[in-house]
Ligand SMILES: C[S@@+](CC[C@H](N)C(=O)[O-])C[C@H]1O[C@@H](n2cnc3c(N)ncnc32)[C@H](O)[C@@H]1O
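Below you will find one chain, with nothing else, as structure tokens; this is the form predicted on its own, and questions on how it binds or moves follow later.
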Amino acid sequence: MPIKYVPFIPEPVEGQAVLGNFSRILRYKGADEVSMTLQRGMPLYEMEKQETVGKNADGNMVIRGECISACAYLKERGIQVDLVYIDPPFASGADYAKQVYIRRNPKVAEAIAQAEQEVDIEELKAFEEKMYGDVWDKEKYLNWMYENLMAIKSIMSETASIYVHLDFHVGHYVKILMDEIFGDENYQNDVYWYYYNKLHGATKKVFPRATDMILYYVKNRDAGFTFHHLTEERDKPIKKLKYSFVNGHIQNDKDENGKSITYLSTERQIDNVWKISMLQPADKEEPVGYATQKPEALLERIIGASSDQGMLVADFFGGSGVTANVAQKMGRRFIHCDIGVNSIQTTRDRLRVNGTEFDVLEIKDGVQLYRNPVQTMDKIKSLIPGLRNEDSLDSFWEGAISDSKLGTIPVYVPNLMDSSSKLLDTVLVNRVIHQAIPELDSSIKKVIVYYIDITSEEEIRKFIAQDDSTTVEIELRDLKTVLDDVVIGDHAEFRCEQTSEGLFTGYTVTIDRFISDRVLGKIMEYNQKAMLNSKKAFNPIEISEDGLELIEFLSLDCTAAEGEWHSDSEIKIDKLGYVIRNGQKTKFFWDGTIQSDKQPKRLKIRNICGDETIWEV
């Protein structure tokens, strides 16, 4: 349960809607539920510090959790941001996956090094892992966006700006939401990112789509806000007329002979159409292996235009960490937030390479997100005994269980990507009783409703008992009892020895064996599918007995035996097998060990899919 609920707006007026014209815009299904959620406030959960990288005097944050909960935390602490950039899901209906690369076994890597062979990228074995699904009902998406935008607005300073990155799927709808939330008088620009080098097919009867739209608003135009005009080099110099503003009008400057003055212009002012590379990964110079990654040049323009050094820049759908990375490079403070652990790990490692200082925080919302919401939802379905898809049921129900006495029992499971569905309250139960159950076949005798949080079980059961509009039994179940079994820890066999080699005197931890049942299961699943679909001889992914090629990252904590992590020594192995040691890239292959000056107390290992496990040393 949340510690409490933090109001979206400072002083809600009793007896009035949170927004005076809320119903005017949100006339579609679900608007009343969103209105109730806004009136309740943002859920504030306990925030746990996972790690501090450097001294972090600027208070930079990398937060794992949902946008709304992160905003509740910031507002409770009185933290206001000066610039927001968000790149939320586009409601595109697409699934996004990352390539998971099998690392080179240290023994094989050593042989390659001795033979002075080049590493061939084509030889790398990889499989895909789903990161998140951008699959939304349009009404649910807009309600979800409304809540997030309201939460973000609540922690913006009066002089702050916000950029919302979208495309043709929902950009025009979200423009209306932005007008509603920020006021159309605070709208500044549509910025269009033009993919001038994108390849297009000719299969559809449309002009090829080659732009994303970025909506630019300010919190309060009258309060003043930061904006700097930007320029870029022209392809070739051009002759231009020199002019001045006189009484608010443009007037050409003239010499003593009355002739217009010209000059050679080598720069042009950047307008609202931005030609920035759209290579994926975002740029060949910025490969972090993250789906939907955006180029740093895009964020350099936004941060350069709408903030000054020392200001606080926030991204609540942080993805690959490009906003945080660029903000740090440009002398700004930052907040990176994302619900996916892959985002947090990618950003953490990316910032570490640049010597950035920051805290890694996690919102303790009672849900241990397996890897990301999509994978957790898939896993939940497999863990609920007897749950199967049922095409005849409304989309409200996740599926059904077959019972020998009661017949079909529909099952409701909250959507982990939608924070509003996690809380079981009278609003949701009322929907179950008066909307969802009446749509079911008359033979249904019982339904099961899973929840993550509940306002009050006694209150909910009393509400159900007092409503005599249905005879269908409603059974409540806590989803956390299922989620507790979701994560299976990896197994490692290692030894720690005090060593002295050359100039190094300290401790060496050697990994002898590593087993990850989850990764091995993913590889087995990949091999089976690939074998069935292959039209020629298939070469399956095989893992050695010691399993060291399943390791991506190792870290030693020599400071504390429990609590917040201190990465006193760390190694990341890139997809080619090369080592990044304490943020410094090398051309050495990993040898199966990690060293530290002081005696280590704990060892952390991250497998290639991103699951991290900690052992005492």
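Each residue number is its position in the shown sequence, starting from 1. In this text, all values refer to a predicted model and were calculated from it rather than measured experimentally.
Not pictured, yet referred to below: the form predicted in complex with the ligand.
Novice: Does any heavy atom of V62 come within 4.5 Å of a heavy atom of the ligand in the predicted complex?
Specialist: Answer no; every heavy atom of V62 is more than 4.5 Å from the ligand in the predicted complex.
Novice: Looking in the predicted complex, any heavy atom of W144 within 4.5 Å of the ligand?
Specialist: Answer yes; at least one heavy atom of W144 falls within 4.5 Å of the ligand in the predicted complex.
Novice: If we define contact as a non-hydrogen atom of the residue within 4.5 angstroms of the partner, is Q345 a contact of the ligand in the predicted complex?
Specialist: No, Q345 is distant from the partner.
Novice: Quick one: does S320 come within 4.5 Å of the ligand in the predicted complex, counting heavy atoms only?
Specialist: Yes.
Novice: Have a look at 335-343, 254-262, 171-179, 354-362 and name the one stretch with heavy atoms inside 4.5 Å of the ligand in the predicted complex.
Specialist: Of the options, only 335-343 has residues within 4.5 Å of the partner.
Novice: Could you tell me which one of Y163, Y290, F514, Y73 places a heavy atom within 4.5 Å of the ligand in the predicted complex?
Specialist: Checking each option against the ligand in the predicted complex, the one that comes within 4.5 Å is Y290.
Novice: Between the options P106, G547, G399, P88, which residue brings a heavy atom to within 4.5 Å of the ligand in the predicted complex?
Specialist: Comparing distances to the ligand in the predicted complex, the residue within 4.5 Å is P88.
Novice: Within 4.5 Å of the ligand in the predicted complex, which residues of 50-83 have a heavy atom? Give them in sequence order, or say none.
Specialist: G65, E66, C67 sit within 4.5 Å of the partner.
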